[in-house]
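Quick heads-up: it's one chain on its own, the form predicted on its own, in structure tokens.
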Amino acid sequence: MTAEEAVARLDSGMTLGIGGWGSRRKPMALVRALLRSPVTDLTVVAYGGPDVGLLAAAGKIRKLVAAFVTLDSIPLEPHFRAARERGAFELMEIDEAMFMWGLHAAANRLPFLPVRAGLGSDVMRVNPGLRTVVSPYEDAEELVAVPALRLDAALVHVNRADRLGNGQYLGPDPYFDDLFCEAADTAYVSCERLVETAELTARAAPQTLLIKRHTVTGVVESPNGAHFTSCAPDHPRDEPFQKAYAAAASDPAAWAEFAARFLPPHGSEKDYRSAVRTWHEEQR
């Protein structure tokens, strides 16, 4: 599929999971296609980075479920910060482990899973809808009942994939992308390079085959599709461009200029790559 074909299958009001972690291996080409679409009123579920920031800046988020929203080398995503300060959307902020077990619950079609994470913290205070359960065994331990993070659709990015939907990561961390796909009714996987199935295991260990074809609806070949986030070992994070993005986000006029250049509503991913290439040439 193309990124536009994948996004065309999304509807306003959906609960959308976005893989990756902070400013690492985010499906940014798919996010940019989503920005160009009419889809809005989303509940976004993510270990957030610039994916959340861009969707927040575009006013496409109704509710966010996240453990954090960061650019890694820049601690707090600036568009997310601005959106929260003006109360632009509802936020369910939970512990990283709670988030992971919420995905596990959804992947296993369970209503919730019990965890210790969150007990004794303000997570319970800021999320009054969370409930606890008591172990039915002799220990009678009280645990947090983390609700399943069930997704209508998921977007993830990996290093390699085949046409059947098998996805492979080659970097140091899977970032729970497999759980996002398993927790969703439909999942769209973008990849740095589309390869034949045999090539997935020819040069890498079998455990790198993170995403299984039965959980995937569509595959999008998108070289550098995680830009400006990292996709190790294919490419590092584009730190100079990320700094420019963050600086522009702090000023409405600067952001309007940035968005017009890199994220025009009638542009394309090819246009984006060309604009980034030209920008880098200008910095020399």
Partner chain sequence: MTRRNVTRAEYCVIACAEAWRDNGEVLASPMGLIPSVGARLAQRTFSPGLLLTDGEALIVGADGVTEGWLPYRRHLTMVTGGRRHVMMGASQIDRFGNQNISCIGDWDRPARQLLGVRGAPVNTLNNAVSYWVPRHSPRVFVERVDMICGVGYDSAAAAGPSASRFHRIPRVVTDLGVFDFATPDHSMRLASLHPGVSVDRVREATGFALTVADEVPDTREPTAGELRLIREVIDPAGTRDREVRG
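Quick caveat: nothing in here was measured; it's all calculated off a predicted structure. Numbering follows the first chain given and starts at 1.
There is another form of the same protein, the form predicted together with its partner chain; it is not shown, and what comes next is about it.
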{"query": "Any non-hydrogen atom of R193 within 4.5 angstroms of its partner chain in the predicted complex", "finding": "no"}
{"query": "is_contact(A259, its partner chain) in the predicted complex, heavy atom dist at most 4.5 Å", "finding": "no"}
{"query": "L35 within 4.5 Å of its partner chain in the predicted complex, heavy atoms", "finding": "no"}
{"query": "Distance check, F241 to its partner chain in the predicted complex, heavy atom within 4.5 Å", "finding": "no"}
{"query": "Heavy atom distance at most 4.5 Å to its partner chain in the predicted complex, all of I18, F228 and W279", "finding": "no"}
{"query": "Candidate stretches 196-204, 105-113, 121-129, 150-158 - the one whose heavy atoms come within 4.5 Å of its partner chain in the predicted complex", "finding": "121-129"}
{"query": "Of A58, A67, V39, A246, the one that lies within 4.5 Å of its partner chain in the predicted complex (heavy atoms)", "finding": "A67"}
{"query": "Stretch 91-116 - residues with a heavy atom within 4.5 Å of its partner chain in the predicted complex", "finding": "L91, E93, I94, D95, E96, A97, M100, R116"}
